[in-house]
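This text opens with one protein chain seen in two forms, each one given by itself as structure tokens under the names structure 1 and structure 2.
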Structure 1
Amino acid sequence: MTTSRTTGEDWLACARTRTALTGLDGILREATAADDALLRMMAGHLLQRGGKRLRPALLLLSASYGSYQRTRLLRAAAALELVHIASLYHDDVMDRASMRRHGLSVNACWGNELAALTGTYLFARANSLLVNLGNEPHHVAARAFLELCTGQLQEVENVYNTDLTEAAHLEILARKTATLFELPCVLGALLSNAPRRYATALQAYGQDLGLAFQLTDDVLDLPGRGRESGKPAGTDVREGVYCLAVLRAVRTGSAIAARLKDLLGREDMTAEQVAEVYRLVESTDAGSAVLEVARSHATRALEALQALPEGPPRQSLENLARHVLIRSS
């Protein structure tokens, strides 16, 4: 459920960050230039489609509250983008997804085994970029990667689990998705030696922003919401990965909930049954309730930014959080 298709270009009001990001693609190409031609092709499969480069931008914006060496910072930014891409490769293998960013996924093109190996290769390449940044940044990133992997494992452990509590579900999202929003904010502050009060604010911002983005995406990706998610409708429900709206609908205690319990938890759901699940969920107020949770996290992200001085970097971060508020309204 990791997300990247989340916002347009106009949120980034910091010209310095825009300029710095122009140097990112060259580092990414160099980092994925494997000797093996097939590995090079698979590693660059999603990178060649672009993307929002959201995590590199968050890192650069967070570094604006200290002083930094641009090339060093771009290596860290490239590493985080590689980790993000690697997590998408692993997600698609676990979900058996055939589409990603409105094109074929790596596993659809070359199979699950090669896709998983390529994801691991990208993690390794990211680590090689991070290791030269010093012990503390490398340790911070390593701890975050452990959180990410733990979240992915917990999601797999809870497939088809309609009894998963909301707190446990949010913990998985915090580890699996919000970690990759929080880490760039933490690393940017660390690599620029930003004051601790700014680093603390940025860390809180990243965590709440990540949760707000994922919760909003999960609701907007429900079939019938009118948004193209880039993967076949119903994939998550068929694979037993239930978003918070589905889990909330199951807990309504109504006849709808009873029917949902009867449908969910099956590994052989038909297309008609999947469609019925989504119709039942949409007939409740679960989607609206989850969007309210997303708005609360976006609001908390905005509140965290009050500790930062005003200027283009803060304006950019605020724009991103307000974008979630608009999408969830």
Structure 2
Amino acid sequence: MTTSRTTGEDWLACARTRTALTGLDGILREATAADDALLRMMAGHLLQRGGKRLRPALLLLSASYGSYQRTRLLRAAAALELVHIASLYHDDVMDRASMRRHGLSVNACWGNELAALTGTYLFARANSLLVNLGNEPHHVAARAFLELCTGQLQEVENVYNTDLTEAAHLEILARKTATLFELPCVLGALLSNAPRRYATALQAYGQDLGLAFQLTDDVLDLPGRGRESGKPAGTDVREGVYCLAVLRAVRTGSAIAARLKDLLGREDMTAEQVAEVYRLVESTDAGSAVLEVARSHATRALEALQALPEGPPRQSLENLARHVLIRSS
């Protein structure tokens, strides 16, 4: 149930970071090298398909505001990428998704049991990398991972809950998605001993950026908006996972809202009913209102960056936030 897609490559305006990132693959390969041939293959399944390495890039950029040792930083970056991929493995089993990154998902290739175990294995390898960075960075990361899992549990315990408040919904998103944006920023600052105010600014940036990303994705993923996500249209609503647009539409107090309340909150929806739900949601302005919320978070992320000195790293971070602004308008 994690999303985050489509960022052009050109946002990364910082040449130094781009160069540094080239060392990442080697570390990733080393970290996932297992004696067992099949495990090696499963562990490398998504890594080989590339991906944006968004989190590693965020970490390296955030480390620009202090001084660092490159390999140490790359290890942390690799760890975050591994945790991200581990969470995708588990998500795909839970969502029963068969496609990921333009190819088959791990579970589609090797089954649920092995996919789930490989996810856990990647998490363990990530941890081994993090432990070597020292106690504080590891503890910070450990707390963040726990937040992530707590957010997921909260999400699933609120399935079919049309009464979920906006604040509670945003808290869940902050935990389950924004955490993995915030953590690279925090770790980058920590590992490079960046000045405190920079660290604070970066943390705030990561949190808002993560929310902006997720909220935008959730709206753009609504069926009929022409984006292809991994799962069949409407799965979320059928599974009782209501995004903010749906929750807002339920709360408009109109006849539409009343009809939505009738349709939602149950497990036995037909395809027609699911389609009706989305039609109803689209007929309100809930979608654009949520995009507005997304934009306000992106704007706050940009504001947080004001505290940082200008230069290519900040330029890159700004590009990323602007990118969300553009997508959401």
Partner chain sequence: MDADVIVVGAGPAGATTAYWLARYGRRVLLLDRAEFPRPKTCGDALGPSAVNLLQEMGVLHRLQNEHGDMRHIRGTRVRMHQRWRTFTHERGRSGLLVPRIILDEAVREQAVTAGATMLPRTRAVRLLRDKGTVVGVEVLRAGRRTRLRAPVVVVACGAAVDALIPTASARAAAGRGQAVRGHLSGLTGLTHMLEIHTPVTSPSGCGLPPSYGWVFPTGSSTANAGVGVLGPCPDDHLTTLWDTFVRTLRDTDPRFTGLRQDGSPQSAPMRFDFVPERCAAPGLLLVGDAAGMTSPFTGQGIGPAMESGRLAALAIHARLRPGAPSAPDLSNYIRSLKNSYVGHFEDGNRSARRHLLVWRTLHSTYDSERPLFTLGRQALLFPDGFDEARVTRVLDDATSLLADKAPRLRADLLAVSEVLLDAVRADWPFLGRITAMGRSMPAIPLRPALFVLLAGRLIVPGRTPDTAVLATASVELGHLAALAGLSVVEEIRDGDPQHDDKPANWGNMLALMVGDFLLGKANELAARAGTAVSRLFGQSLATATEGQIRHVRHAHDLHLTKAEHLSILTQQTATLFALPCKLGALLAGATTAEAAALEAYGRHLGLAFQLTEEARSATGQPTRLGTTLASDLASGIFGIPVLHVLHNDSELSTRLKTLIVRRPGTNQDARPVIRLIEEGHGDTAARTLASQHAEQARAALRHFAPGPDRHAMERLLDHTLRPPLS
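Here the rigid core means the biggest group of C-alpha atoms that line up within 1.5 Å when the two forms are laid on top of each other. By convention here, residues take numbers in order along the sequence of structure 1, the first being 1. Everything numeric in this text was worked out from a predicted model, so none of it was measured.
A.B. asks: Which of the two shown corresponds to the form predicted together with its partner chain?
C.D. replies: Structure 2.
A.B. asks: Would the C-alpha of Asp217 be classed as shifted by 2 Å or more between structures 1 and 2 after rigid-core alignment?
C.D. replies: No; that C-alpha moves by less than 2 Å between structures 1 and 2.
A.B. asks: Quick one: core overlaid, is Met42 moving 2 Å or more at the Cα between structures 1 and 2?
C.D. replies: Met42: C-alpha displaced by 2 Å or more between structures 1 and 2.
A.B. asks: C-alpha of Asp92: shift of 2 angstroms or more between structures 1 and 2, rigid core aligned?
C.D. replies: Superposed on the core, Asp92 moves its C-alpha 2 Å or more between structures 1 and 2.
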